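We begin with a single chain expressed as structure tokens, specifically the form predicted alone.
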Amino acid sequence: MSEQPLEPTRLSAHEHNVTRKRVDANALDVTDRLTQAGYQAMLVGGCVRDLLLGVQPKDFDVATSATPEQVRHLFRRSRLIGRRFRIAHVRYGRDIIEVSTFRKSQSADEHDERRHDASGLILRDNVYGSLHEDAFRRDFTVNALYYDPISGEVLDFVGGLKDLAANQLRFIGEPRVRIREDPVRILRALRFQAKLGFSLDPAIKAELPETAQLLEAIPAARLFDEVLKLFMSGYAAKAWELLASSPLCAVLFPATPKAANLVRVAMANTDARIAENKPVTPGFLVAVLLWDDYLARSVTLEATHKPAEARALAASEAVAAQQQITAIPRRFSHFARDVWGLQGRLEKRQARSISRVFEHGRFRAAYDFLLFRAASDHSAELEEAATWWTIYQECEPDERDAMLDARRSAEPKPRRRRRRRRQNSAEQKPADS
């Protein structure tokens, strides 16, 4: 602790175009009211980093000397969340400002609320401290910058400004210790690397192999949340590239081929949709990431089951296997299974089922999935099916009828079974003489 500077580097925020005008009005209301109540309150983390980079933040977080209970008392429309890290959410309509209390970087008090397991993983961290102590318990130097909207200064205790200028991601403190405190920090490192385009500290890269195994101790539900942040923040294509080239991929997605073209195509499309403010669903990414596993299981099971039964069982097994690693909420697993189930019907385009497929609630997602498969596999059959469905959607009702008639004409006629005529036994007997 003696090596940690007590006084921060102070930067005039205005000189770097960091002004109150660029800060969310609700976040300013939170800091102003906390300050008026006698507490310290500043903006912290990614919002300060992005403001300094010239990027307008989407979210604004506040750090304060007030405890969560004191924040709750001061703001009527607020609630406390979290057990591992207790924080306050202050609500302004649909806008939520996250308010965290200054915490200590470490504590020697045996009776405080910090808990570690045998490997060093933090189980609970509600040990409150000073602004100085709070800076050193954060993860990355570039995420430990504070902006005081009252004084108009940016405060840096940990060398974050230097790393920001060098475009480098570096942990505060010893990487091995910080990762053991919370192995999920390595996924955050990849996410920020993908988002910011920064280089990763070589000391962090050196910890990747061992960190991959440490992730197995993280609850599956929390890993799913981190995976969503990794792939649904607008930088999925780069995030997958970084993940696939690391030892982490084999732990998080053991059944997904690292070089899968389908995954790359889908991740790029997800980024494009987010950039255009179009909706995206985790269920689609689940379908993409587990597609190869689902196919492989289907082929194996068809040796002992009817095709429909094999596909249903393969879907259940693929989802169940991934559930052991990253929990998948039921609504997303059902979404993926519907998308998989419609692929065969989209490919075959049997006239009697085309209308039902087109009216299916997951048709559009399944159609997009077919497009991605065609683009990634370069299969003539898939490209033909994708083109057919594209035309079918865009044409007029009478033209659709013509397309259906063409499909009926192209389909082989079902063979009719011949009925054996029963000859009347009386006809077979000779007439009485």
Ligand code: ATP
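The numbering used is simple: start at 1 and walk along the sequence shown. Computed from a prediction, not measured in an experiment: that's the story for all the values here.
What comes next is about the form predicted together with ligand ATP, which does not appear here.
Per the 4.5 Å heavy atom criterion, ligand ATP in the predicted bound form is contacted by stretch 57-65, the sole one of 27-35, 362-370, 391-399, 57-65. Put simply, K238 is far from ligand ATP in the predicted bound form: not one heavy atom of it is within 4.5 Å. Taking non-hydrogen atoms only, K104 never approaches ligand ATP to within 4.5 angstroms in the predicted bound form.
Contact annotation for R137: at least one heavy atom lies within 4.5 Å of ligand ATP in the predicted bound form. Proximity of R49 to ligand ATP in the predicted bound form: non-hydrogen atoms within 4.5 Å are present. Of the residues given (R176, K162, H305, K229), K229 alone sits with a heavy atom within 4.5 Å of ligand ATP in the predicted bound form. Comment: ligand ATP is not present in this chain, but in the predicted bound form one of Y294, F192, F75, Y128 has a heavy atom within 4.5 Å of it, namely F192. Contacts to ligand ATP in the predicted bound form (heavy atom within 4.5 Å) from stretch 143-169: N143 only.
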